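Presented below, as structure tokens, is a lone chain in the form predicted alone.
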């Protein structure tokens, strides 16, 4: 299988971590979603990364679809529980983490605009408020627990770790580790896992 990805994409990193945890081999193909890319556009009509080229000649896109597919390929270390209650809990964590990343990426793109104006400032403020709200929700849900859902390492922990890592990479001024020490504790554990170390685009400090 080939994964079309960008090294700094938190969504692609989530897929790479899942593959590492599942002991699945992926051929990584760096793909710039901002430049004309016929291979990426053929794999994903939206032109976004990550996109997975499967062994049967098909393609999958959207990280949530890809990780569910990968989790079903091997019985090794199931990351998405089969029980409906825990499964929904894991997918809820993934939704919060992905939403935080959505907001962070929009804020970063607006911040990089050469023609920033009052509208840009308002958009950045709005997206950063979403980041703050997402962090507060994550912190509340995690509480004193070691893992996001139950007693087993799941996709919820991977998605959360990737989202927090992206903030450390792109928004070091958002000092979430000081405001939410339980998230900092959780991230430190995630960052120590081999699957995270191997996929870290720029090892951040927890």
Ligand code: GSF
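Residue numbers count along the first chain shown, from 1. Note that the structure is predicted; figures quoted are calculated from it, not measured.
Separately, the form predicted together with the ligand exists; it is not shown, and the next lines address it.
> So in the predicted complex, are 9, 34 and 105 all sitting within 4.5 Å of the ligand, heavy atoms only?
Replying inline: Each of the three qualifies.
> Of these, 62, 68, 141, 41, which has a heavy atom no more than 4.5 Å from the ligand in the predicted complex?
Replying inline: It is 62.
> Where does the ligand sit in the predicted complex: which of 177-185, 142-150, 156-164, 46-54, heavy atoms within 4.5 Å?
Replying inline: In the other structure, the partner sits against 46-54.
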